[in-house]
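To begin, one chain is listed below as structure tokens, in the form predicted alone.
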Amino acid sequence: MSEITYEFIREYLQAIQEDEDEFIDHIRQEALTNGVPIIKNEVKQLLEVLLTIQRPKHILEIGTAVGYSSIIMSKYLDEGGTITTIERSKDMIDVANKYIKMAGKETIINILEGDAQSILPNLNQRFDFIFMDAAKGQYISFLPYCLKLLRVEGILVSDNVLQDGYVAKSRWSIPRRQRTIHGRMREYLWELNHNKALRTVILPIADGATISCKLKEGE
């Protein structure tokens, strides 16, 4: 497995971070123990800074998992704000609902159960901030809906876009089983960078993240 950042740099940056909230740390440790994928510390900090600047009213998250990132993001909502988050795994939803209730966020965070490909076309609310952290091979399929749902000057953040660095390699140098997602993620990153309605930066942190600002409505 490739690394896109030097481990000694990551260890240093983690060492100087502020101590984590006990409840958030509990969710993280439980997720890691149970093998549940959650955002890395670098992406957590990125979200916190962006949300502190923007103070969004309405957030859309694609990929709830155990509710870790939803609960973190809920701290930075504008007054009266909400988070709509999509998850297809019933087991994940059960755990997420437990944590959301423990955090006292059940009136703020609303989980929609099902596949994002079916749910996104039926949403009609505009969002100030969208966080994409679901099936990586589906990002390119979700993008048109995200562009429609995101308001102008809204922010789209996508996680795990570099796939341990494989995305930057030739298709023929990676295992055959990874070539489909390799191609789809490359298509997604190309579209983010060339879509005239967006201004995008790709950050080589954690497993790669993008920040895209919507400049105008798509043609």
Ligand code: SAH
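These figures come from a predicted structure and were not determined experimentally. In this text, residue numbers run from 1 along the sequence as written.
FYI, the form predicted together with the ligand isn't displayed, but the following is about it.
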#### Entry: 4.5 Å heavy atom contact, Ser69 to the ligand in the model of the complex
yes
### Message
If we define contact as a non-hydrogen atom of the residue within 4.5 angstroms of the partner, is Asn97 a contact of the ligand in the model of the complex?
### Response
no
### Message
How about Gly183 - does it come within 4.5 Å of the ligand in the model of the complex, if we only consider non-hydrogen atoms?
### Response
no
### Query
Does the ligand come within 4.5 Å of any heavy atom of Phe129 in the model of the complex?
no
### Query
Between the options Leu51, Ala65, Val161, Val157, which residue brings a heavy atom to within 4.5 Å of the ligand in the model of the complex?
Ala65
### Summary
None of Ile39, Val167, Leu192, Leu150 but one has a heavy atom within 4.5 Å of the ligand in the model of the complex; the exception is Ile39
#### Entry: Per-stretch contact check against the ligand in the model of the complex, the hit in 101-109, 121-129, 137-145, 76-84 (non-hydrogen atom, 4.5 angstroms)
137-145
